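Listed next as structure tokens is one chain, alone, in the form predicted alone.
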């Protein structure tokens, strides 16, 4: 595969990471705790879409190779992920009189509950959407790019969702209230902003984006009860890299981390071609720079960036 092929795969994977990262960053910036159940919220969205698509079928038409029924299932997956997150907030997080660390620990337990319920219902095996696989787009094959219309649909849908979020944050009353609450929740409260309502909408939007990311992750790869959990640390890396609490930083961090993980095999090929000193050193580097260690490499790069800019790409300068 050529470098363009790796970049194309990176763009598709980054689209999924960006959706998860934005949702996590939104919740962190307003709810003020790191939600470790976020990855499993993605899984809820994916399995809800799986069940919905199995029930409604294709509905007779397709866009970019995906049946109309898939997009209906996507909407239902987004809605159910949001409903579950809001229900968890109202029934569990909100009544607890604990600090952010206590909520973080509670969210770990919630993640186990989500995962256990899904595994009890669907088992632990991998599964897929009942959608026919497509051949790569032939006009791109001469350039070494093996992407399908399904991949294009993932990127296009992610762009639409991110653009919609940008419009909401910048040009709507709710968006202005969310930004005000993220900057200074106490000042927002005394200014007359109904902070509980804003917080509720934050959960809806953040969990909805996570649900969408989960659906696209299942389409891009496979569905399993651990799919969201396995991606959670990568999403956290993207949020930290972009700047904790910064939505636009999460977008940048998600894009970079997604690209890095998919470009890892290309870096491995480059290392193999380099005349590196002793044979043992070359072997070590070739073994390290493989797809199995892609997440570790992403974390190393995140640490290096944070050593240079501790508050992340979009965070305020270090003091």
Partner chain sequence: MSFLDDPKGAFADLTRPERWVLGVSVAFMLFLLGALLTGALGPTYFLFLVGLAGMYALLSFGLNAQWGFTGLINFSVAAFFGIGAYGSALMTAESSPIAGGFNPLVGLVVALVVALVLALLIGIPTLRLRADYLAIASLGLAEVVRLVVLNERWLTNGSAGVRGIPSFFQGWPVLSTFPETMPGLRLVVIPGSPIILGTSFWQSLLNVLLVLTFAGVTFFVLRRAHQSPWGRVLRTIRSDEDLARALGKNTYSFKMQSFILGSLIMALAGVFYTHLNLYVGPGDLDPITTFYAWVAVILGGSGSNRGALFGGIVIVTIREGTRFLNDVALPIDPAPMRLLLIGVVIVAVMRYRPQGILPPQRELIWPSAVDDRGTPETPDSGVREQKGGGGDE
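Here the structure is a predicted model, which is why all the values come from computation and not from measurement. Numbering follows the first chain given and starts at 1.
Not pictured, yet referred to below: the form predicted in complex with its partner chain.
> Is residue 199 one of the residues lying within 4.5 Å of its partner chain in the predicted bound form, judged by heavy atom distances?
No, residue 199 is distant from the partner.
> Can you tell me whether residue 146 touches its partner chain? I mean in the predicted bound form, with a 4.5 angstroms heavy atom cut-off.
Taking the distances in the predicted bound form, the answer for residue 146 is no, it never comes within 4.5 Å of its partner chain.
> Considering non-hydrogen atoms and a 4.5 Å limit, does its partner chain approach residue 226 in the predicted bound form?
Looking in the predicted bound form, residue contacts with its partner chain include residue 226, since a heavy atom lies within 4.5 Å.
> Residue-level contact is defined here as any heavy atom of the residue lying within 4.5 Å of its partner chain in the predicted bound form; does residue 95 satisfy this criterion?
Judged by the heavy-atom cut-off of 4.5 Å, residue 95 is in contact with its partner chain in the predicted bound form.
> Going by heavy atoms within 4.5 Å, which of 107-115, 211-219, 176-184, 161-169 lines up against its partner chain in the predicted bound form?
So the stretch in question is 107-115.
> 56, 133 and 265: each with a heavy atom within 4.5 Å of its partner chain in the predicted bound form?
No, none of 56, 133 and 265 comes within 4.5 Å of its partner chain in the predicted bound form.
> Within 4.5 Å of its partner chain in the predicted bound form, heavy atoms considered, which of 205, 78, 240, 85?
Result of the distance check: 240.
> Which one, 34, 252, 259, 30, lies within 4.5 Å of its partner chain in the predicted bound form by heavy atoms?
Among 34, 252, 259, 30, a heavy atom within 4.5 Å of its partner chain in the predicted bound form occurs only for 34.
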